[in-house]
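One chain comes next, on its own, written as structure tokens: the form predicted on its own.
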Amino acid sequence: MQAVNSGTTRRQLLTAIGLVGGAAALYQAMTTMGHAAETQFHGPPKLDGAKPGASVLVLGSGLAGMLAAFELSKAGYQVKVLEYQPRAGGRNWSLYGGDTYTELGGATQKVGFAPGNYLNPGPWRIPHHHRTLLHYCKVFGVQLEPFIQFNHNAYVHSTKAFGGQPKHFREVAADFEGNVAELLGKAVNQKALDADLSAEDKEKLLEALRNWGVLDKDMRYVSGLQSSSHRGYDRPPGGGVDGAPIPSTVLDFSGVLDSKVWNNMAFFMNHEMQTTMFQPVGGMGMIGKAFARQVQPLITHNAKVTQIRQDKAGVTVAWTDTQSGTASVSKADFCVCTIPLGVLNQIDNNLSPALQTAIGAVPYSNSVKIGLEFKRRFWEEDNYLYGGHSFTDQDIGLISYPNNHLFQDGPAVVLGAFASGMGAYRLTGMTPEERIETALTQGSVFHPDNYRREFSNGASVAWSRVPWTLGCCARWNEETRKDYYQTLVAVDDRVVLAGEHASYVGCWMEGALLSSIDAITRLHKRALEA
């Protein structure tokens, strides 16, 4: 690989990566450069010595808001939480059969899933290194189970490769690795790398390439039993008379390149996406419910915040009961605001001009999730697919197979789309019924015999149409972080912001919790000094 020009700035490099690879590639590069690093959890905050009678208003009962309420009330603060929705949890949310959801524009969906089935519209997996979330799940009694992230048997589909036919991930990834290993082996043998390798290093590298790429004795990647041990067989090894395996045929390398399978391989290499991962038993919303049980008496639901004012005496928040229309005012010494920035930017406030500018500077991404319930688990019974994702370059982005109740009979829900970018915007512009139809059409490329025949019902959530967030999650880049991040997370006299938008672990529950711990720790210090 050619070295990066020493004159290229980090910002220029990240900008180029973003233009070529999109937001996912940019986030991966930021992770590599330490801008979205592994989480930092050192245990619950130690908030000692709260002044008697000191009070805090918490705006929003997502995970950040509820954690703030939980820890502050433990420390002795009088806490009140104002929540716009009739439930707690924020984006930590599951839709079950019988639920009703209305999006901006008025489209209403009545979810028809069978008992026990669900769609997680927001977060749906927990990395093993998200220690804050795992800690509180354990403390609050949330039962977790494995989330099957990586499935070699799932599919990769590109409309530009292999005549539009999907291929097993294991086949395309193995053929990419094998061909790259062969090409690099040739470069080594042609002494193209002699300036960088000693003779001993050269032999070690050739040995590594032979094993990693499953090359033959002549350092070639070819069809045969050796490559089939990596990519799969046409007939796998068996017993008896016909026990001998039949090797598979490697794919044309130009088709492998056309598939851009390296994007999918890189997806699993991203630190946030590496196994082991977990999910709550019964749906992601179980986490929000467990948090809510700790602080439920403190929460006022159906409270729409209309104004935030702070002065030397404290913080005053005006709000309206969305059920009765009654206007009310709540006051406290301090405020932890976890309202998503796109909504907060529309609320009348007297926060500092610098903070107001920072709030308005951070865009939110859009994404669309679609849950499709099928009458039986045909992906298990017919295709031997147990969890994991099949990727496509169509608008739906991917489909993901359920990780729970494996091998059971009866209906189950497949995540029929996790769309981002332009695909998400196109799906957002559709009615819920049109989204389901699109998901069925595009997802049928993976399971043409069963997708429509076994379909029962579905539900969708387009995050830019969610009334209480107006988007999925905050999307920082290096430039906006440099200009606005420290202002956004600073204590603004008597108000401090918290949420995934106030972290370097954006779009994850872990980021929301870490930002909450940091915010209340600094707010507590501010309160002691007041």
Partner chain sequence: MKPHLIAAALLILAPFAAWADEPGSVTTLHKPPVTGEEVYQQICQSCHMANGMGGKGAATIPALAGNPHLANADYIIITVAKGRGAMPWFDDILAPTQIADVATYVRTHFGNNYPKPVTEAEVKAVAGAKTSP
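Residue numbers count along the first chain shown, from 1. Computed from a prediction, not measured in an experiment: that's the story for all the values here.
Not on display, but discussed next: the form predicted together with the partner chain.
Chemist: Heavy atom within 4.5 Å of the partner chain in the predicted complex: which of K375, K204, K160, H405?
Modeler: Of the candidates K375, K204, K160, H405, K160 is the one lying within 4.5 Å of the partner chain in the predicted complex.
Chemist: By the heavy atom within 4.5 Å rule, which residue out of W379, F113, F391, Y136 makes contact with the partner chain in the predicted complex?
Modeler: The residue in contact is F391.
Chemist: Are any of the heavy atoms in R125 no more than 4.5 Å from a heavy atom of the partner chain in the predicted complex?
Modeler: So R125 counts as contacting the partner chain.
Chemist: Test of understanding: in the predicted complex, would G506 fall inside 4.5 Å of the partner chain by heavy atoms?
Modeler: Flag for G506 set to yes.
Chemist: I'd like to check something about A354: if you look in the predicted complex, is any of its heavy atoms closer than or equal to 4.5 Å to a heavy atom of the partner chain?
Modeler: Because no heavy atom of A354 falls inside 4.5 Å of the partner chain in the predicted complex, the answer is no.
Chemist: Given that the partner chain is not shown alongside this chain, does S420 nevertheless sit within 4.5 Å of it in the predicted complex, heavy atom to heavy atom?
Modeler: The answer is yes: S420 has a heavy atom within 4.5 Å of the partner chain.
Chemist: Out of the stretches listed (356 to 364, 312 to 320, 180 to 188, 450 to 458), which one is close to the partner chain in the predicted complex, meaning heavy atoms within 4.5 Å?
Modeler: Residues of 356 to 364 come within 4.5 Å of the partner.
Chemist: Using a 4.5 Å cut-off on any heavy atom, which residues of 337 to 356 would contact the partner chain in the predicted complex?
Modeler: Heavy-atom contacts to the partner chain in the predicted complex: G342, V343, N345, Q346.
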